[in-house]
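Here we start with a single chain on its own, the form predicted alone, put down as structure tokens.
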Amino acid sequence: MQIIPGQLKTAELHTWLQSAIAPRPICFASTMDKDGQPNLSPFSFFNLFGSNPPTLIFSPARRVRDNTIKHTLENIYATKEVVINVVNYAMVQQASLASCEYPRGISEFEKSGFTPLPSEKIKPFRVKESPVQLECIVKEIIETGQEGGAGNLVICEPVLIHINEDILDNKGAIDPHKIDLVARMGADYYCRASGDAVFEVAKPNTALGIGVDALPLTIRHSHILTGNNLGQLANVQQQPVIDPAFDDVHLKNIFQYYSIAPEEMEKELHRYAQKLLEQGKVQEAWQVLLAGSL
């Protein structure tokens, strides 16, 4: 299936893009108009784009149906200030309620039941229930177009960040399971970034992995190991060698039961290596696979 953007109605393209480019973190933007009236609205066209200076960008897009802009954007043009509150699972239903297009002068804080907290560096209120609140000044607004669906990139610099200490682990870092963030998918779907949905992938950083092309052919062409498995094995800085001290009961059992069936033995070794990789035991998986090459 192929889509040429210019040949679709904007609303249709919008739906395809939102479903494909996901999950997206949620910017729960608190602003204030020139008369001091607060506004609160969530936006999923949002992310972090640098840390020196710290830079966040979100986009209150022009409405597809009638090409109007939201109160958030009007307020930002007037004041150049915004609090970006992150959204976790405990507040997602209320945050969604705040997306209702209430008339100007109606407080989304009151409608959604959130608690406004005074900011320290800027005028807009923070959301007490949000686990991380970033007081930001707006550096620039880039309009990507003038038609319905066009983005307005609000480039923000945090000047003060508030973090609820309840979401920290015993090392003082943010615990992904405690912060329990949610993200936006397409249509009415969200996802929850905690529990089994959170996993780790070792980053190569400045050390170079040997690469999939350097894996032995029997491993690279395995009918058992997946692309993710190969990526794990190829992320070592040098190919491991057989460790004579490696002692594994299950490995011994495989050799015992499949000694007269080499092809079945290789499959069983790859299955066992796969289980080890799923547990993050990359070096052990290498030893199992190397044992099969003897």
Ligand SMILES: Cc1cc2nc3c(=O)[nH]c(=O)nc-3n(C[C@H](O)[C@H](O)[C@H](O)COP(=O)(O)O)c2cc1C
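Heads up: residue numbers just count along the shown sequence, starting at 1. The model shown is predicted, which means the values in this text are computed figures rather than measured ones.
Only in words, not in the display: the form predicted together with this ligand, which the text now covers.
Residue contact with this ligand in the predicted bound form: Thr72 places a heavy atom within 4.5 Å of it. Although the partner is absent here, Tyr190 lies within 4.5 Å of this ligand in the predicted bound form, judged by heavy atoms. Among residues of the shown chain, Arg63 is one whose heavy atoms approach this ligand to within 4.5 Å in the predicted bound form.
Remark: Glu101 counts among the residues lining this ligand in the predicted bound form, judged by a heavy atom distance of 4.5 Å or less. Picking from 251 to 259, 264 to 272, 237 to 245, 40 to 48 the stretch near this ligand in the predicted bound form, with a 4.5 Å limit on heavy atoms, gives 40 to 48. Proximity of Ser222, Gln279 and Glu284 to this ligand in the predicted bound form is absent: no residue of the three has a non-hydrogen atom within 4.5 angstroms. Residue-level contacts in the predicted bound form: of Thr79, Asn164, Ser107, Ser96, one residue has a heavy atom within 4.5 Å of this ligand, and it is Ser96.
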